[in-house]
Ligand code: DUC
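Take a look at this single chain in C-alpha cells; it is the form predicted on its own.
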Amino acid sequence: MTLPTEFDLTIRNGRISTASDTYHADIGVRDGVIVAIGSGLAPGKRDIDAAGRWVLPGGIDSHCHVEQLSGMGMMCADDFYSATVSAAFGGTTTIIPFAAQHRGDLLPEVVADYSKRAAEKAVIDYGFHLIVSDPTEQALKHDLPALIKSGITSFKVFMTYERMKLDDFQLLDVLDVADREGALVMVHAENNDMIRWVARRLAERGMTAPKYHAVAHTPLAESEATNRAVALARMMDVPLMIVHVAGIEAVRVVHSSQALGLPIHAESCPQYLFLTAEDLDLPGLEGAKFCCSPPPRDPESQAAVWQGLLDGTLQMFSSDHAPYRFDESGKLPKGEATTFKDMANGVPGLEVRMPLLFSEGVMTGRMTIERFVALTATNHARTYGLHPRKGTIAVGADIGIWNPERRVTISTAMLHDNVGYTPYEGREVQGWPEIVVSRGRVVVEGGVLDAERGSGRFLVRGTPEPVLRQRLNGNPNALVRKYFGSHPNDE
C-alpha cells in the first residue's frame, strides 16, 4: 500500500500507548482520521514534535451530567460549551452525558431538546445515554426501540431518588427491552428505602450536617441494591453496567458475579479513590462540596476500588461529573438552613479525571500505561459502541499528547468548568495533557482553546461488543428464555 506523502497533521517522535501496546512512531492524519503510523513520515501541513511526550488516545468520559435538571430540580452549572471545553483541557475528547427523562416527559422530545443544546455548544464529540424514569407502554414498545436504532444504545435507571427510581417490576421491563434491542442498561444501585429510613431518623435527631449524607447512604444500601440488580439481570440473562461503584462490599458483589461468569460490568470514579467520608465532616456547610451518591467511603473501600480497577473487576474510570455550584442554585437551596437531605448530590471532576489517575496510577508505578488507556478510553469505546473510531490509536484522530514530567497543582482558578470549586483543591499531580487533538483538529495547545462552539459532532453508537453481551450457558435462572422463548437477537 502506498502511504500518503502529505498529511494535514503529523505527530513525530512520540511514545505511543494503546490499551495493548507501547511503541515509538510517527502518526499521520488526513481528513480527521489516522492514515499512517510509522517511522520517518513525511511532514504534515501541521507538524508536532512529541519527543519526550506520551501520545495517548483521547479520553472518553462515559458518565457525566451536562446541562441536566436533577431529580430534585437543580440545574447543572455546566452547559455543553463549558463542559466540553473543560473535558478537552483534561485530555478527554469524547463525552457521553445523559438525556434525562423526568416523569411525564416523552423520550423523543427529551432527546430532541438535549440534541439541540449540544449541537449548538459542544466543542468535542459526544453521544447520549438515556435516563429512563417513566417506562410507559409507549416508551417500552415504541420510543426506546426507535432511539436505540438511532444510535443511543444505552440507558440508565435509578434504584433510588423518589422522583427517578424504578421498582423491580419496571426494571425487569427495561432489561427486557434492552435485551431485545441489543442495548446496555446502566444502574445506579442504592436501596432507596434504607436511605430514606436512616435519613428520617437522623433528621428527627437534628443530625442534618453534610457529614450525615454519608451515614444515610449506608454502604449496605449500595451493596444490597447491587446484589438485587445483579439478580434481576441474572433472571433475564442480560448484561448490566453498575455505575459509580464506591464501597468495598459492592466491589465484592461485582467480583463474585463475574466469577460466576455473569456479564456484569462496572465503573468507578475519582471521588472513590481520592476522597473519603471524612471530607464531608467540615465546619458549617463546607462538607456539601464533597456530597455525592454513593458518597465517598473509607480507606478500605478506596483500596478495594483501586484493586478493582487494576484486576478488571471495574472496567472503566468515569468522572460522574455532576456540577452544582456552592450556592442556592445547587448545593445550598435553602441557604444556611440547608440540610443533607436538601443539597444537590454530585461533585465536579470532568477535567481532572485523567490527570488524577495518570499521576496516582501510572506515575507511582501502581498501574501500567496500557491499563490507564483501557480505563480512561478504550473500554468506554468498546462498551458503548464507539470502537475503533474512538478510544485507540488506529482510525479516529483523537489524541492527547502528555508531558509526564509536568507537575500541576489543581485549583479552581485553573479549571474551565462553571462550578466555582473543586474537591481536589491543592492536590499536586504529575503528568498533564499539553496538546489535545479532536478529529485531527488541535483543540488545546499551550493552555489555549482553538475550537468553535458547535464544532463537536453527535456520535451514532453501535451496540456493545459481543463479549460484553455473552450469555451464561445453561443459566437455569433465565426464565425469559426457558418459558417465553428466545429473543430475535439470540444466536
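Note that the coordinates shown come from a computational prediction; the quantities given were computed from them, not determined experimentally. Residue indices: 1-based, along the sequence shown.
One more form of this protein should be noted, the form predicted together with the named molecule, which is absent from this view; the next part is about it.
Asker: Residue-level contact is defined here as any heavy atom of the residue lying within 4.5 Å of the named molecule in the predicted complex; does residue 421 satisfy this criterion?
Answerer: Taking the distances in the predicted complex, the answer for residue 421 is no, it never comes within 4.5 Å of the named molecule.
Asker: Can you check whether residue 354 is within 4.5 Å of the named molecule in the predicted complex, heavy atom basis?
Answerer: Output for residue 354 is no: heavy atoms all beyond 4.5 Å of the named molecule.
Asker: Taking the named molecule as it sits in the predicted complex, is residue 251 near enough to touch it, meaning that at least one heavy atom pair lies within 4.5 angstroms?
Answerer: Residue 251: no contact with the named molecule in the predicted complex.
Asker: Does any part of residue 326 reach within 4.5 Å of the named molecule in the predicted complex? Heavy atoms only, please.
Answerer: Residue 326: no, not in contact with the named molecule in the predicted complex.
Asker: In the predicted complex, which of 156-164, 364-372, 413-421, 386-394 comes within 4.5 Å of the named molecule (heavy atoms)?
Answerer: That would be stretch 156-164.
Asker: Within 4.5 Å, heavy atoms only, which of 191, 315, 345, 301 is in contact with the named molecule in the predicted complex?
Answerer: Of 191, 315, 345, 301, the residue with a heavy atom within 4.5 Å of the named molecule in the predicted complex is 345.
Asker: In the predicted complex, which of the listed residues (65, 53, 441, 461) lies with a heavy atom within 4.5 Å of the named molecule?
Answerer: When the named molecule is considered in the predicted complex, the option within 4.5 Å is 65.
Asker: Look at the candidate spot formed by 244, 293 and 322 and say whether the named molecule comes within 4.5 Å of a heavy atom in all three of them in the predicted complex.
Answerer: Spot residues vs the named molecule: full contact, yes.
Asker: Where, within 30-53, is there a heavy atom within 4.5 Å of the named molecule in the predicted complex? Residue list please.
Answerer: If the 4.5 Å heavy-atom criterion is applied to the named molecule in the predicted complex, 30-53 yields nothing.
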